[in-house]
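Next up is one chain by itself, shown in structure tokens, the form predicted on its own.
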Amino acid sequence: MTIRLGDVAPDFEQASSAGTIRFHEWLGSSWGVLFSHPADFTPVCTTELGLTAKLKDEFDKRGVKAIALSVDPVESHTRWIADINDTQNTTVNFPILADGDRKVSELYDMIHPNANATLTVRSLFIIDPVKKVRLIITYPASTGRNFDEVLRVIDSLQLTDKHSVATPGNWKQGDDVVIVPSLQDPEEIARRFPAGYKAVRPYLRLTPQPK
């Protein structure tokens, strides 16, 4: 199955380090970050899971739940979590799915035969509160994920869902944003953006980030 942006994230029921997860029920009205790992006790993934645990407050501020996946069993996850906690000086505070039957991996197209016929690639999905997939990133095994970028994208998605704006390249919280081209009515623009805007070109109008 191929997942594309805007698709409803497939629901599933699967064992995890925190008990059985019924995914849509577990997400509730939260945003979600689902990310996969080739296997337990892998070095890059150990650092990523530790970093995710340390970012819990940042995820909580944004109404985001994190959940990881590996094809290894729960018993292996439990041992790995102890290693993560010890080596990364943290406490893993989110579930790790035990996808031994590859059910979730296949639903989310996480197994790429040209990379490995049995292990998941290192994919990450951002899912919104209505269960739509909003971001998909797949990383090579040698490159650790940039969770600052994950948070930046969540900030952008949450901002642009509320306002008629888009975020420019390298945007971060507090930077100017772009008024979407579809918004043309001057009175509506003035109402939505009382701080005004700068028209670099008719199609490129920058305005301070709405509050």
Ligand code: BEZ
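All residue numbers are counted from 1 along the displayed sequence. What you see is a predicted model; the values in this text were computed from it and never measured.
Omitted here: the form predicted together with benzoic acid (BEZ). The next part is about that form.
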Exercise. Out of 49-57, 157-165, 36-44, 172-180, where are the residues with a heavy atom within 4.5 Å of benzoic acid (BEZ) in the model of the complex?
Worked result: 36-44
Problem set entry | Contact flag, residue 74 vs benzoic acid (BEZ) in the model of the complex, heavy atom cut 4.5 Å | no
Problem set entry | Partner contact for residue 141 in the model of the complex: benzoic acid (BEZ), 4.5 angstroms, heavy atom | yes
Exercise. Is residue 122 close to benzoic acid (BEZ) in the model of the complex, meaning a heavy atom pair under 4.5 Å apart or at it?
Worked result: yes
